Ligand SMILES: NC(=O)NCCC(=O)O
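Just one chain is shown here, as structure tokens, and it is the form predicted alone.
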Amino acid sequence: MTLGEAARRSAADNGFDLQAFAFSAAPEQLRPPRIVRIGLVQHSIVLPTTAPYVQQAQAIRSKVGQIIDAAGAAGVKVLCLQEAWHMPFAFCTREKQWCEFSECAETGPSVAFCRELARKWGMVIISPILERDAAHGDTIWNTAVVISHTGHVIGKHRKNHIPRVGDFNESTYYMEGSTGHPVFETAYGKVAINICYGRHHPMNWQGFGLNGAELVFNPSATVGGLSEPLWGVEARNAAIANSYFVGAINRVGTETFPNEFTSGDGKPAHKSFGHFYGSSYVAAPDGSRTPSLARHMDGLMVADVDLNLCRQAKDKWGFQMTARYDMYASDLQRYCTPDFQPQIVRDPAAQSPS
């Protein structure tokens, strides 16, 4: 696939990994190909976390702007940034001053920045931010804002699952989201966002599939000591089970904070989460996937995806057609009652004698 000299020159000049791949679908007689060029961006922060917040935010926007411009020059039409891309991932610290980075999902500075670039390149941009919901008592949410190719905000999705493991103290800052499993019908396909920890929850992935998603992005911030053995299979499994494409995006770099914090894993007090290992990739509904972006570098992954492959995978495997949603719904309804009893059939001969 052709990316153009401008994108390759930008990657060389600005020191980010640039990779490109293509997924094809079988030719059809009644439908033309539906090829969409998508982009995933992974990056580190720029300034130390001790720098003034306004300078940190401006430096990140400057770096990310260069990568988005490269994506635009390469012809990307749907692009997703990493989780909380506009700030350090400070949710290990429990220090509420980091809430200063939160912003309005419609008019905040990071959103305005992405809206301008979306208009410039005719590109749908998914901008995951720390949202401040002024209409509801300044509640803080972990939110992905979906911006159309014309630069207007289509809508937003809030993170459904909040980790309570290791250094991930996110529940100190925001609660589980309230927006369900929305799918956004853009000019280039039906797009959904499964923010970070949701990738560990199969039914979360399924919720987006039930609503008709064709492209699901998983903007993340996760470290090597916790999740790296799982990273390469989770998005791929979700793509297979739900017959859609998945773009898995992870932050990169090591972020050190001014004050020590303690861990749910019982580690001695420390100042760093560990290494965000990047390794972003795209997985397809037929089980194929791209290689990963670099583990220690900023990066832009570009992929041409033929959305016809989604329906072709459904027709081949019939996962959705043969699912027993009525049975699952009944099981879940029983499970959610206070007097739930697991359906376990015991062997009387295996009981201990009284």
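For clarity, every value in this text was computed on a predicted model and none was experimentally measured. Numbering starts at 1 and follows the sequence shown.
Separately, the form predicted in complex with the named molecule exists; it is not shown, and the next lines address it.
S.K.: Among 131, 214, 255, 83, which has at least one heavy atom within 4.5 Å of the named molecule in the model of the complex?
M.R.: Contact check passes for 83.
S.K.: Pick from 199, 115, 181, 156: which has a non-hydrogen atom within 4.5 Å of the named molecule in the model of the complex?
M.R.: Among 199, 115, 181, 156, a heavy atom within 4.5 Å of the named molecule in the model of the complex occurs only for 199.
S.K.: Counting only heavy atoms and a 4.5 Å cutoff, which of 123-131, 184-192, 218-226, 73-81 contacts the named molecule in the model of the complex?
M.R.: Single hit among the candidates: 218-226.
S.K.: Taking 4.5 angstroms as the cut-off for heavy atoms, does residue 98 touch the named molecule in the model of the complex?
M.R.: Residue 98 lies outside the contact set for the named molecule.
S.K.: Should residue 163 be counted as a contact of the named molecule in the model of the complex, where contact means heavy atoms within 4.5 Å?
M.R.: Within the cut-off, so yes.
S.K.: Is residue 89 close enough to the named molecule in the model of the complex to count, meaning some heavy atom within 4.5 Å?
M.R.: Answer yes; at least one heavy atom of residue 89 falls within 4.5 Å of the named molecule in the model of the complex.
S.K.: I'd like to know if residue 170 sits close to the named molecule in the model of the complex, meaning any non-hydrogen atom pair within 4.5 angstroms.
M.R.: Residue 170: contacts the named molecule in the model of the complex.
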